[in-house]
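What follows is one chain in structure tokens, specifically the form predicted alone.
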């Protein structure tokens, strides 16, 4: 059970924009924290002991502080663990998923928090019938802003990390 919990926790974190596939990221990242130091929003923190071999690598906990896509971290990475040749709209940190069972519009309550705050406005999240949020995975950058601004606890929209699944 401990290892199941560890694995599920490992999958919930986001990497900074431009991260190479996870296995390569862990091999390349020297845990220098330059990305953490340059982040003006203080959204990057080092992974803790529960992250196993990823301990000390940069992670983003979107519900607490999402990535605002300032794109200042990729250029300071000395090892290429964060690609520098990436544009904001091409970032793929993860994909947002909506839980219709808890999302307010699906309960008859007007809410546009995720839609209004998405940095890829009117592309990554749109409104069906001007009410119901719809995530477009091909446009979602996985920054977690939608998760952060959701008024429901726990959030009705959660970014599923690409960290453990981006082995291109």
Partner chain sequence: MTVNRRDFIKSTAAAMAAASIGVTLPGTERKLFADTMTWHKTVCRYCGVGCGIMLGKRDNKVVAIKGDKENTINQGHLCVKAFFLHRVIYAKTRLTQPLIKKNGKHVPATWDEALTLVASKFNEIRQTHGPDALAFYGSGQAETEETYMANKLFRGCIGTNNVDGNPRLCMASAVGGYLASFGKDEPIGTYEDIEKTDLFFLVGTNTAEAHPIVFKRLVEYKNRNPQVKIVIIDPRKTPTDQIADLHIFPQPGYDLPVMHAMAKVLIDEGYIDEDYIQNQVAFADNDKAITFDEFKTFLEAYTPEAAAKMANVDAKDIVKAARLFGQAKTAMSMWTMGLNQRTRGVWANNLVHNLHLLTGKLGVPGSDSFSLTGQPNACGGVREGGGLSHILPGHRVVGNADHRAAVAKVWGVPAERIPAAPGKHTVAMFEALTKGEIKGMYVLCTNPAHSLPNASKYWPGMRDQFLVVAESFYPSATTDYADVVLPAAFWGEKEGVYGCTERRSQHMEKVVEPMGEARWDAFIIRDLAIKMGFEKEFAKYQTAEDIWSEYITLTKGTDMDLTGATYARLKKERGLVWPVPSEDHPGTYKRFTKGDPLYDALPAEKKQGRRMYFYGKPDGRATVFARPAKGPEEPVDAEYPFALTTGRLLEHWHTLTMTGTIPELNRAVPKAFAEINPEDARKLGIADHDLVVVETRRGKLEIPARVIDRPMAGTIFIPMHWREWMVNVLTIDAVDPGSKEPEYKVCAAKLRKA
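Numbering follows the first chain given and starts at 1. All values reported here derive from a predicted model rather than from experimental measurement.
Below: the form predicted in complex with its partner chain, not depicted.
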Check, residue by residue, if 111, 148 and 151 all come within 4.5 Å of its partner chain in the predicted complex, counting heavy atoms only.
yes
Taking any heavy atom pair closer than or equal to 4.5 Å as contact, tell me whether residue 139 reaches its partner chain in the predicted complex.
no
Find out whether any non-hydrogen atom of residue 134 is located within 4.5 angstroms of its partner chain in the predicted complex, and reply yes or no.
no
Residues within 4.5 Å of its partner chain in the predicted complex, restricted to 38 to 69 and counted by heavy atom:
41, 63, 68
